[in-house]
Each structure stands twice: as C-alpha cells, then as structure tokens.
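Listed next as structure tokens is one chain, alone, in the form predicted alone.
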C-alpha cells in the first residue's frame, strides 16, 4: 500500500510502526453548527482509508476528536440563551446522525476536549518545563516558536507577520508574532476552566496533541502515531502547531504519514460561510439519498478539490443506479464473500493512494460484463456467485450498495406514502391468497397510481419509484 505524504510531497510505501496495527488520528468537528459538505468529504475520505487498511488485514485504531470548547460555541450559547453542553450535545448528535446517513462508520475513539483537559495541562507543563513555552503577565501561555528549530518543517512555508495564529485576538506581549496560544487566560464571567496556569480556556491547537499522547501515542518510538489526517486547510497553522507542540514536549514526531483532503467548492466557488454557500449536509440529505452523496463525494480523488454541482451529482447517481440494478437482477442469489480476481484488482487500485477513479472504472466494467453475460442464455451460476462476491466486496471496502435494491429506488417517497403502498401490497397478497384475482388486480392498479413499479418475486412483492 502506498500513501501520498503531504509533508514529503511524494507517495510512500506504507509501513506501520507496529506490524499488523495502524494508529490514525483525524481532526473532527467543532460542534457549534451543522456539518457542511467539507466535513462530509473529510469524514468520507478517512472512512475509506480505514476500510482499505482493514481490507489489507490491519487492525486500525482510529481516533477523531470532538471540539466542544471554543469561542464560537460560547457565542452561540449566549445568543440562544442555552447551556454550552446543550449546544454541543445537539450538534454532536446531529453530526453522528448525518455521518451515519452517508455510511461513515464511527471511529474507534472519539475523545472530547472537555474530557481531555488534564492531558492538555500536562502537555503545557512539559513545554514550560523544557523552555518551549512561556507565560505572560496576564496569564496567557504561549508556545515559543523560536525555540523550535524545526518549526514550519511541516508546511514548508515562510512565516509572515500577518499570519494569524489564533481564533481570538492575541497579546501584544508575545515574544514573536508567530507564537501561538497554549492557554488563554479569561478573567470575565464567561466559560472558564481552572488550570495550573489560572482560569481560562485551551488554545486552538492544544487538544489534538494532548489527545494523541493520551489515547494513541507510542511513547518509545520515533513517531507518536502512524497517520494524521484532516482537510488541506489544516496543514497550516493547525497541524504545523500540533507537530511543534508534540515534538518539543515529548521528543518524538507526531506522525509518520500526513494525509490531507482537498477543498469542496460549490459550483466552482470555494465553500465558505462568509460567501453564504456553505452547503449543509442535512439539506443535501433532504434532496439526495445518503449513499448517492457518498458515491458522489468519493468519486474524485481525495487530494483534489471537489466541485459540487447538481449536474455531476446526477451523473454520479446514474453510475450507482447501475450497480443497484445489477443487484436487483441478482436478488435472491445467495450471499458470497469469496475472493475474486475483481476484488484483488479493486484492492490493488485502492492501495495506490486510494485511486478511486480507477476503482470506479473497474466497477463500471464489472457491471457491464456481468450484464452482458446475464443477457445470454443459460443459468450462469458461477458468474452469479462471483458477482455477488464482488458486490459484497464493494459494500465492505467502498461502502456502496448496502441497501435492499428495491428500497434504494424508493428514495423521494415520503414515509406516509410508503406506509400506504405497503398496506395495499399486504391487502393484495391476501386477495391473491384467497384467489380473488379481480380484487388483486384492482389493488395493483391502485398501487400503480402512486407512480411506482410493482415486482412480484420469489422473495416477496417489492416496489420502486418510477
């Protein structure tokens, strides 16, 4: 398996720190608002990475943090006159629900900032003790970037005076303009935490380093973890500062491999709240099936910027529809998980830095070939068994095709209508059982009036939206 390392800017053969095991950390959401398509893209990328690693036989310990201490959270709580925890719990639950809708599996660990304060205090104290941090008169604690000879070695950038290092206004008493806050002193009556450095709140970058050391880090290795991931916008300053903190506090590097996914653009324009085009995932899920969104958002290589537009999404949906039509064609054939030439080729392709474009092309070819053979005379038992194995492997590694193929084509029909149709199908089945075929045909016509197709199969009666 080869991974493109964002720091070394080259593909590297993946070799874990411990044979058969992988430690992965990805920066998670700050839970003060709904998840947008950028959050979805990043979560999907590292869900796919986890699946590919597991398909290679690795045991993956995957941690993704929840930032539930932040000035934006506090601001929203004040605006809505709610408790901080009420805000963070609501958006954390919403995030989980929406991630589940697009097939993102929960990580192994999901530490929260509020649960990791002791680890943060310990890290700050280590940096103070080693001379890599200093506390100014008002109580703020800063990381001394001049004390770290390797600072900026991650992002390979030249520090500019205007580079912003904090989400809140920084102190004029910093030694260097590049120094960033480890602990921000708070002296008003807003949300604070008691620490050895006084009342305040942790800096933006502190929690990830502390959580990695607490939950994942190899203490006696050159690197704390195997892979650190996140969006491309986090490389600087967030990941640069994380790396500096860990390196200076613990004498080991933070991660052996760094992976960053590209930005999401909306109709060719970079997505941002300031532009008013921050497309919330919850809104997209009202319009499109979660699996369609998953397929579409993963259809472009993870390192490329992704341009979200309706035309491309509908083209992507048609590709996924073809997979489900093949699955519907094989409905009732026994499940099978044997290795096939296709599954080996698919994994080999994904092992090349998750080359999803070629992987999807392989799937298209497999579907076309299977349909072509199934269109000819014969029972094709061997082909059906292998195709079922191929579909099962796609489900496992890519997370597509998990649904009942008939239910997949019901998207867009509201719950009340589904209940009506299902009730009519039950009545029709009773009429057929009683050999009242006139009533049965009458009910069938009533069902078809909902603009659906009805299919009687050995496994039961199913319907789909036309």
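Note that the structure is a prediction, hence the values are computed from the model and not measured. Superpose the two forms; the largest set of C-alphas matching within 1.5 Å is the rigid core. Residue numbers count along the first chain shown, from 1.
Quick note: we don't show the form predicted in complex with the RNA, though the next part is all about it.
Heavy atoms within 4.5 Å of the RNA in the predicted bound form are found in one stretch of 396-404, 31-39, 49-57, 410-418, which is 31-39.
Listed residues 107, 262, 139, 290 were compared with the RNA in the predicted bound form; 262 is the one with a heavy atom within 4.5 Å. None of 85, 322, 380, 130 but one reaches within 4.5 angstroms of the RNA in the predicted bound form through a heavy atom, and that residue is 322. Put simply, residue 121 is far from the RNA in the predicted bound form: not one heavy atom of it is within 4.5 Å. Among residues of the shown chain, residue 183 is not one whose heavy atoms approach the RNA to within 4.5 Å in the predicted bound form. For residue 189, no non-hydrogen atom is located within 4.5 Å of the RNA in the predicted bound form, even though that partner is not displayed.
At the 4.5 Å threshold, heavy atoms of residue 441 reach the RNA in the predicted bound form. For a residue to qualify, one of its non-hydrogen atoms must sit within 4.5 Å of the RNA in the predicted bound form; none of 144, 147 and 220 qualifies.
Of the residues in 416-455, those that come within 4.5 Å of the RNA in the predicted bound form through at least one heavy atom are, in sequence order, 428, 432, 437, 440, 441, 444, 453, 454, 455.
Core-superposed comparison between the shown form and the other one: CA of residue 20 displaced by less than 2 Å. Superposition of the core reveals a Cα shift of less than 2 Å for residue 52 between the shown form and the other one.
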